[in-house]
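Given as structure tokens, the chain that follows is alone and in the form predicted alone.
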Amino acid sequence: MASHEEITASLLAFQEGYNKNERLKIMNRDWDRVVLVQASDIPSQHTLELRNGELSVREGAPPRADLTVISDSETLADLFYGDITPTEPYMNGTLKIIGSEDDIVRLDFISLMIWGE
């Protein structure tokens, strides 16, 4: 089990990887989205906000989310650190992503661009 602080650190690493990637920032400059990241086994919620190509992270839930990512704390930390890809936990049901199919595919692509395969 990962702690809330470990999830926060993994999201900050994801944010840093994203914001260093100029190509991603250009590709997503008009894809403004709010993502709720929620652990299913500990009290932990974070908001990822993508505005004008820049990604920010803050603790707590947003008033409204375009996408919701739900999993156990360990999977979330591993996922946002880039230690695992979302494919296996998504396929076995431990990772749930709620949102439009286009947004889910875009989020997966962003992860791939940051961390590789």
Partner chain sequence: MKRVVSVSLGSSRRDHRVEVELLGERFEISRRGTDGDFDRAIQLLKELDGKVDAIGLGGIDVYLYAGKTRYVVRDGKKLMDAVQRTPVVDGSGLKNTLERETVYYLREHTDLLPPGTRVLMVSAVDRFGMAEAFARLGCHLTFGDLIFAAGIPYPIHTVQELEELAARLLPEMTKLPFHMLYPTGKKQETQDEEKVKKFGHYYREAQVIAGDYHLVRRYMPQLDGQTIITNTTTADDVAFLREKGAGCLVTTTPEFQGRSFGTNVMEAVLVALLQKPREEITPQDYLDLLRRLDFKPRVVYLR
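Note that the coordinates shown come from a computational prediction; the quantities given were computed from them, not determined experimentally. Numbering follows the first chain given and starts at 1.
Beyond the structure shown, there is the form predicted together with the partner chain, which is absent from this document and is the topic of what follows.
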Inset, instruction - Would you mind picking the one in A61, I42, M27, I70 that has a heavy atom within 4.5 Å of the partner chain in the model of the complex? - result: M27
Legend entry - 4.5 angstroms heavy atom contact with the partner chain in the model of the complex for Y81: no
Inset, instruction - Would you please decide whether A13 lies within 4.5 angstroms of the partner chain in the model of the complex, comparing each non-hydrogen atom pair? - result: no
Legend entry - 4.5 angstroms heavy atom contact with the partner chain in the model of the complex for I104: yes
Legend entry - Heavy atom of T87 within 4.5 Å of the partner chain in the model of the complex: yes
Inset, instruction - Report the stretch among 34-42, 72-80, 88-96, 47-55 that approaches the partner chain in the model of the complex to within 4.5 Å, counting heavy atoms only. - result: 88-96
